[in-house]
Structures are given as C-alpha cells and as structure tokens.
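Below, in structure tokens: the form predicted alone, a single chain.
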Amino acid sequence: MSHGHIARGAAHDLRVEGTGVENESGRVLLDVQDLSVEFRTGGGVLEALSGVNLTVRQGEVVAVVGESGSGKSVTALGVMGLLGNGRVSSGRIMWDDYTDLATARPKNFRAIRGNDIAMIFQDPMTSLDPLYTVGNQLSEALRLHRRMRRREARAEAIDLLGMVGIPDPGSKVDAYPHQMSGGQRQRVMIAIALACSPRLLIADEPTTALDVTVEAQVLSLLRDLQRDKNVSLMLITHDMGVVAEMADRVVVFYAGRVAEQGTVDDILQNPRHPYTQALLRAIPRPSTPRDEPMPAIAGNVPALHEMPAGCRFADRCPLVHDRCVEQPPHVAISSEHSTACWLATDDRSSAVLEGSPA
C-alpha cells in the first residue's frame, strides 16, 4: 500500500506508533531567514515568497506542504539557486551557519550545489536528457564533482544504480530514459542526487507521476537512505499521508507565506491555523458515503497579482473576522510550534483552535 494512502481517517489517526523518522535535534544545516522572492513578468514585478522562515537540521526530515501555488517549489529553487528570471529580494539562506546562498557567488554556489545540497525534481522525463544514457548522465556528475576518470565513474554509476534498487544495473547503465519505467527513472534521479553524498536532499513531489505501488517503493527507498546515511531531507509534498509516514517536522505554506510549522505531531494532532485544519479535513476517508462529495477547501489560492494585504487565507477561511484585514504575526505555541493567525493571539478562541479538525 502506498504511504500516501496510509492515512485515510480523522487527523488524530494519521500519526500512529512506529511511523515517522525518529530524530534528535542536531545542528542546523539550512536556515532560511525572512526570505522573499520576486519574479519579473510582462505585467511587472510579482512577489512569490514573502518573509519565509524555516530550518532543516542534520539528519532531519522536514515536510513542506500546501496547495499548488503556495511557494513550496519556489523555496526549494531559491535554496538551489535555480530561480531563473526570479531573484531573492530580501532575506538570507544560511548554509551550515557560514554561507549565505542568497548572495553567494556562482563559483561558491557550484561548489555547494551537488556536493552538499542536491535536488530530486518532480518529473524525471523533463530532467533526464533523452539523448544520453542514464550511465552517461550519472557519470557526468561524478566526473565533474568528484574528478573521477571515465572508467571509474562508470563503475560508480553501476554501484549507485544498484544502491537505489534498479535491477541488473550493469545493463541498465547503458539504457536511455525512455527505455525505463517511471519508477526506474525516478530511482535514476535519486541516484544522480546521491552521487556526491550530499548532506541535504531536496525532493520536490518525487512520487507525483507514479502509481501507488511504485510510490510506496520510492518513499521507502528515500526513508532508508535518509536513515542509513543520516542525510537531511526536505520533502515537498501535498499528501498528508506521506507527511505522517516520513516527517519529523512540517512547514505549511499558503500563498507564498508560512502559515504554520511544528513537529509532525503538532501539525497532525494540534493544528492551530485554519488552513492546516482545512487541509486535514480534506483528506478522503473510507467512511465517507460514495454519494457524498469529496471534502475540499472552497476557493483557490490567490494569484500573485491578487494577493490580499492582510491574511492571505481570509477569503477562504470559515473563521475570518475583522482583524484579518491585517497581516497576522507568527505566534509561538511552543518552542517548536508556531502559527500566523490572529486567533492564536486570542485566548478566548483557544477552544476553537484546539478542537479536532475532523
């Protein structure tokens, strides 16, 4: 069964004993501070991220969740320095407490990208070059970053393909991407990302195009690699079942801002932002009658050129009130748990906020 389908009950049933990744607080590897990103378009400059804060510690799995258009992938691309026509307009992206990736020179960035931080992209067919074998594409990373000779790089590529579970790697190393299944192509992407033994792996919706059986296999592979090699994992997903299975901490994005973040138990058992609660309510449940509409969040994420000045979730929020025309501050619920909602500042609303989202 897919990890994305393990959690189909009420929110308090998502987190069960024996799931998730056990992790003690380690040193902070990635520290994103007040990050804003803007893009130049024909209609002017549009802000895609606004004041984003998040951290990833050594050996930790941080799940980044939210609807399409929330800013999850833009954050990852900002960390990787792959924003294209976008740019970091303010804030810092601190790597290992000494390098600000937001202002790093291209030469310094190239030394970090691939070696220290690697990314698994959402669609392997748009990331793998159809004109080259997977062995050539793996060897390129090894020869560029690890200075291997051609024969040595080929042998290492075969070992990497075997490590990520591709059968008969000695033969598959000479295959072209179109000759492999979707699951095998995604495993190749993981192998390329792991080629230089990075300390942080960013996985952007790594199972979106896969069927549920292959999805479970890929997630299991990522979890095992993370545990065995103590690699930090920033996992971008929309699937709360995957969050329950994989994550130590969760960062909930909405419309280019962080709505809430905390430990996986904080988010699944005690969600304090109405958007987080709505996400959990929208999980399909087997007890729902077949003739009943699927649960959904009314409305859509606002477009970049239509962002409201106050709380960006206000137009869709069932608990909206007069103060929501102002941007809410981040309120600390505990040392690990915070939310950006005016209701969290009002003790009289605690009963509403602490109620089950189910």
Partner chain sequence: MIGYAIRRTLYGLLVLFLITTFVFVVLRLIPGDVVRLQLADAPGVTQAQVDALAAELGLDQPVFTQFWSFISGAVTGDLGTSFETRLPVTEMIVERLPATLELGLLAIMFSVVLGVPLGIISAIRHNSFLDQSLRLVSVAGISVPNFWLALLLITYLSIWFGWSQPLVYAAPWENLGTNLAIMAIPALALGTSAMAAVSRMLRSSMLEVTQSNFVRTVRSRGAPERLVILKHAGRNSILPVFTLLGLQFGNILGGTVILESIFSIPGMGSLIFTSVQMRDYPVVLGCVIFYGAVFIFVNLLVDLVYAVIDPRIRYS
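Numbering follows the first chain given and starts at 1. Predicted, not measured: the structure shown is a model, and the values here were computed from it.
Below, we refer to the form predicted together with the partner chain, which is not included among the displayed structures.
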Answer range among 228-236, 152-160, 176-184, 91-99 for contact with the partner chain, defined in the predicted complex as heavy atoms within 4.5 Å: 176-184
Output flag, Arg113, Asp123 and Leu144 jointly within 4.5 Å of the partner chain in the predicted complex, heavy atom basis: yes
4.5 Å heavy atom contact, Met189 to the partner chain in the predicted complex: yes
4.5 Å heavy atom contact, Ser127 and the partner chain in the predicted complex: yes
In the predicted complex, Leu77 touching the partner chain (heavy atom, 4.5 Å): yes
4.5 Å heavy atom contact, Asn270 to the partner chain in the predicted complex: no
